[in-house]
Every structure is written in C-alpha cells, then in structure tokens.
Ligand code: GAL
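A single chain comes next, written as structure tokens; it is the form predicted alone.
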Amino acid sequence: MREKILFNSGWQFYYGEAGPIHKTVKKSGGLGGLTSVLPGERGEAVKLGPAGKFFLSMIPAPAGEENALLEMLLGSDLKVSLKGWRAVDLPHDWKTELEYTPEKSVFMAGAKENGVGYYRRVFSLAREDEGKHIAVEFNGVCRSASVWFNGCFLGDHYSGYTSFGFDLTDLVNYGDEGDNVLLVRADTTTGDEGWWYEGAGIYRDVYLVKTDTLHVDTWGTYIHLDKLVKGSARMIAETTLVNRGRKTRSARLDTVFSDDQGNKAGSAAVPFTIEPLGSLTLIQEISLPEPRLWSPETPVLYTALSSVVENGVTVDQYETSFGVRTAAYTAEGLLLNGKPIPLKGTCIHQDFAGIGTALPADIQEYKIRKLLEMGSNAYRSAHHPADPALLDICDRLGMLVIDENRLLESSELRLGDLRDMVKRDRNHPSVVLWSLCNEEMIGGSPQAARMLQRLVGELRRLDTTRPVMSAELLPPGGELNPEYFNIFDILGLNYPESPLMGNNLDKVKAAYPEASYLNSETASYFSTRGAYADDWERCQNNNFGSRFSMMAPGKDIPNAFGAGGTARPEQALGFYAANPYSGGVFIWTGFDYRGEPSPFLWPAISSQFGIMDTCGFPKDYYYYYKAHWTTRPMVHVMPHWTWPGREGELMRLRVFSNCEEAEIVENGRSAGRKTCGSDWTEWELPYTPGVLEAVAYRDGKEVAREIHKTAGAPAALVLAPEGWAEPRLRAGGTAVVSASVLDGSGNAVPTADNSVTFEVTGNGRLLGLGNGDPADHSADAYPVRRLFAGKAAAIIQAGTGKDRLVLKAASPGLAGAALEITVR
C-alpha cells in the first residue's frame, strides 16, 4: 500500500560550494563523495559488482589504496568529509542566516547575497521495500536545484515555485545493501525569478513516497463537476494509472466519494489492463446526491479514494480532496455557484518575519486567518504558483485563490512549469481563477499573443472549469492589442484607479463593453505600523498618508506625483464602487514583505505596502478594510494616546467604523458624536494624557468601543499567543507569540523599543524573531530583538511527543515574562 512519508527531518546542510560535484560520470553510480555513503555510514562509496572487482584486480593497488585507484579510474572524490555541515530540519531558508548588504544588485530582493547551499539526507529502506516503486517529491526548492542519489545524478529543476520529483526505485539500497544518500544543491546565483525576496534552499516540504509498481500517478486524479442537475451533481473522475513494472497488469479502479463526515456519497468501478511501463487515463462518471456546494461561507470538502484492486487485493490507494462548485466570470464579475461574489482580495508574497520563505503550514494558516478576520475573501498568489500546503488551508477555511503562473513564455521548460501547476492544483476548490502572467514587458505584442495562445491551449487541455486571466499594466491611453486581449476570459488590470494609469479602464470598457475585467492589483499604499509622521532617516511612512513618492524617492517632495504610493486605499475601494463590473479589488499587499523597500533606499530592507507588517501585526488601515468588508460592529481610532512632551498639541484623530455614528470621548468628556463617513470620520483635539475612547453606535445604541490609555514608563514584558486561543500546540506545530511592554498600571506601551532576549526551554525551539521594522537588520535566528512600535514576534515550534515548552522573555530593567505551552 501507498506510504507518503514527510521527509523534513534529519537533513545536513552546508552553506557555500561543497564541490565540485560532477553531473556526468565515467562509470555507472561512480560519482561517490557526498553523493554516496561516507565513512561511518553503511555501505560502499562506489558499488562494485563481479565485473568491477575483476577489472580492479587487473590493476593491483597497495593495501589500503583501493579508493585511490577508484578515484583515479572514475574521477570520484572519496576523501570528502562532513566538516562544516550542520543538522537542519525543513522547511529551511538559508538566506535568513546571512547578513544584510547594501549591494545594489540584491537591494530590491531583500538585501541578501545570492549563493549556494547543499542539503544531504541519509536514510535506510528495509529489504521488504524491494519491489515497490520509490520516489522523492519536492514541493519547492529555491532556486536552481540539482539532485543526486546514491552516486548518480538525477537531474536539475529550475523553477523555485513549482513542485517536482524523481523516481528512485532502481537506485535504492535495500536492507544490508547499505544506506541511501540524497544530495540537493540549491543555487540562487543563476538568476532571479522575481524582483522581491525569494529565499533560498529547500523551503517547502519534501516527501518520500512508496507504492506498488502499479499505482495512481503523481497528481493523477482530476475530480470535477460536469453538471448540476436537480438533486445531484454529475461528477467526472479522471484517473491516470502507471505501471512501472515489467509485466502486464489487469486490475480494477474503484473510486469512492465520501462527505465531510466520512459517509459514502457515490462510487464507480472500472476494470483495466495496462502494459509494462505504460500509463492510461480512465474516466468515470459518478453521481453525487444532494451535494453541499463549496463557498467561502460553507467550505465543504469531499474526499475521493481511488483504489487499485488486483485479484481481490488493494495494491494502491490515492486520496484526493475536492469541493463541488461552479466558477464563472462575466461582465458582472465572479459568479460562484451562480451567485455574484465581489472579490475582497489581497496580493501576497510568501515570506514571513523570522523565517523567510520557509513557512510551516501553521504559519500559512495564521496568515490566512488574519486576512479572513479583516473580511478578505480572496488571495492572489503573487506572482507564482502557490504552495500546495497553502491551498489546502484555503480549501478548508474558504479563501478564494488566484493561482498565478510565473512567466509568459512558451518554451518547453515554462510549458512544463504550467502543466505541473495546473495538474497539481486543479482539484482545489479554492482556486477559482488561473492567472497566466503579471505585468510582462512584452505584454500586448504579437510575440506575446503567440505565446499566450500556446499557454492557454495547454492549460485548457488540463482544466476547463476555471476562467483564465492575466494582470496587465496598460498604457495611460488604454491602447490594447485585440488579438492579445481576446485570448483571455478576463482582462486583469493593475492600478486602474491610479492617475499613473490614466484611469484607463473607462477607455478600454468603452471599446470593449461586453468584455470581463478585474482590478487585479490595487493601492500600493505606504505605511509603517505605529508611525504617524514621515521619517526618511528611519525609513518610516505616516499612517495618515505619506508625502514620499514611489516614482521619485526623496525626503522633501510633499507634492510629488504618486506620493504615498500608487493609490490610496480609499481610491481603490472607491474605484471599484464606481465600476462594479470590475470584479473587486486585490490590494497590494496583505502583508509587508522583504525586498522592494520603495520609497526608501538603504538601510530599508522590506516593503511597506502591507495592510499588516511582516509579523502579521495590523497597521491602522487594516481597520479601514475591516470596516468596509465586515458587518459585525467595530470601531478603531488612530493614533495611540501616548505622546510624552506634546501636551496641549492639537492631535488629528481618525476613526474607522462600519457603524452609523461614532463618538470620541476623552477623559470622560465627549468630543462630539458624528455620522460616520464613507471612508473615515475625523476629530482634532489637544493632547491631554489619560483615556481616549472611540464609541460606535447603531440605531442610537452603543455597539462597539475601543480604548487607548496613556502609558507610563515601561515596567514589565508580556507574552501572548497570536491567533490561537489557548497556550497549546500539537507536536511539531508552529505558532506566533507576541511580546509587548506594560507600564506599572498594566497599560500597553505603544512606543516601547526595549531590547528583548528570548529563550525556549523544554520540548520546542525558537525558529526566528521579527518586529515589523522595515529597516531592522537583526539576524532572524539571533535570540535578541528590539521591540518596534511596542511589539515583537517570536516564532516557536514544538518538538515531538507530549510534553511542554516554555518561552521566556527578558529585558534589562523590566520584569520578565514566561509563557508555558502544552504540547499534545
């Protein structure tokens, strides 16, 4: 039966060039060195059969010099050691361990040098595994990956975003034949795929997969809706089977659907015969009675179990999660299950504070839940195929996804990447749109049109259930190549609300009134969490609106075109409200990310477009979107109310609320009750230390209140779980814990910048730290981090087994804090 083993632990890592390690060899399996067993590991560095032993006997070597003879004959390096290597677990991003650099060539990509890293994994397989099909699967390695196994070179993979794997079956050592050695070289010097921070190394999960030689192929099932008829759904199950054995096999494919309670919901069976080393695709029609449709409000998942049964024995089972839903896009926007659904989306790069791009699934879920709490219902994976672990979470939690192809090229290499993305991700109900490209320089050209036609043809051969789009920057005049434009189901326009684009959607809509459009990227608004004035030296942007410009960075350009970013949030949502046919919005971005530090230059090292910072801590405009995208009563007032030395100074207050009226109360006195504006409501008050309250009303009744208290001197640290209710973690689980400071009365100090030392004891470890400061150059894994705007984040991971861990925080002059976490 099939075993899929998570292969994330037990790796060794070396930063730098450990070679040269050859890819070609004089004799089979003769590379040796790091690609094979070393002293202390079981087995022979170079396997010798009877022929090889006879050959060597013809060239006598002095006792103890046999390896030297092999090196001379084969060109192998059999004297290497593991000096300088260290143990790591995956996922792992080795760029987080490097120092920041002002080198211009990497400035936009996170200010970390490119380089090479090696990963080595030694493992054994039992003799009982002989005769099975053995494969290794990588969900993502950044960047150019080269892979060796047991003295043989397996191949290269060039995309840092697509999944890939290799068949190991015939190369495996079984039982007493010795250990197996898997070696991976990750090279980021071969050229970037994006202009943002991409990380480095094996940053996504790895699996070892054991199956019968007759089995369902990798990504071998495709479950999709054919038609909704009264009381049932007619589903199509396409299953690709492979026979890696040496004889013809006859068997039966059983496909059984189960609902989310485990109850059988439909089935089909079909016999088949498959030739040696052959493959075939079987198509089954299965009726699903009274289907529960997947949607953001009801993310109901079904399971398809594909069983290969031979002579009454099940030799393979392959499980596929799927949802039942329709997705179409018309001139009115997205129709999900026939109902219009405005897209309240964000664009996301995949890194996170403290850990770079090496995000465990728990951190992916933390990010998705923060977006859902804000009221967002859509996620654009910008600008690359999404992590399959992320898509699993979006399926389960009800987040819609635009899954994006990396590049507009129809070379065989890029066509392969596209096929892999579609085959891997097409069962995910959360994926409602495919995007083929983003802001390509050749967009609209005849060459681009030819390549797009090929890409769309390949995509629709694999999936016809989702609309296809692109994300385009059109000239301000709205000029459009109809041949290019008509290839898509949807024309995605980036920043149509911005003066930079000349509001070109109106011009394009007038020329093509029946076409479908989407605001695929909007806003790009600068802000720094906790900052209420622009500060060029500290690389900070005012949350009320920055005077700095994306188009002409500088510290004294208050009236520059594009100041504050490409467009304000109010412009983005206002544009969609005025043009509802444009589908919704995808705000750039949901979270700050490393790289692209516009509008600043060095020492800035991360972007400031995020609605949240790199730790997932909300900025003030998080509540602007929440006020527009949620209905549960809420109110938020900015800024905080701790301004020592500024007593009597007139302060600007801005309130975001989804209620009818709002009131500001200062030290028990009302400063006025106002009808809430469509974007915000503002007051001006002289600053008086004490208590500032924002109160929201519906139908004249108070329904929400937020309180800011003036804080005194920092007195004590406090640790709090972020996004999880109780201090409990599953074994191996990962979580974010915030650190902040209280004064002597227990009030949060929003301006605290104390240096804090973190320590994890017991059954767990500290993965990394962050604080959201866009110019902080602290090492991610270093256990000391300064608070920024009163907060820092610790990313912790529980060990295996049931036990407990304790996260401790200490700072000179402050009472320390400890958070005890049960591991279950």
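Note that residue numbering follows the sequence shown and begins at 1. This structure is a prediction, so every number in the text was calculated from the model and none was measured.
Keep in mind the form predicted in complex with ligand GAL is missing from the figure; the text below concerns it.
Comment: 435-443 is the region of 611-619, 435-443, 123-131, 721-729 lying near ligand GAL in the model of the complex, near meaning a non-hydrogen atom within 4.5 Å.
Using a 4.5 angstroms threshold between heavy atoms, H383 counts as touching ligand GAL in the model of the complex.
Within this chain, E198 is remote from the site of ligand GAL in the model of the complex, having no heavy atom within 4.5 Å. The closest heavy atom approach of D351 to ligand GAL in the model of the complex falls outside 4.5 Å. In the model of the complex, ligand GAL lies farther than 4.5 Å from every heavy atom of L335. Only one of the listed residues (D316, E596, E497, D187) places a non-hydrogen atom within 4.5 angstroms of ligand GAL in the model of the complex, and that residue is E596.
Shown without its partner, this chain lists A328, C152, A389, M550 as candidates; in the model of the complex, only M550 has a non-hydrogen atom within 4.5 angstroms of ligand GAL.
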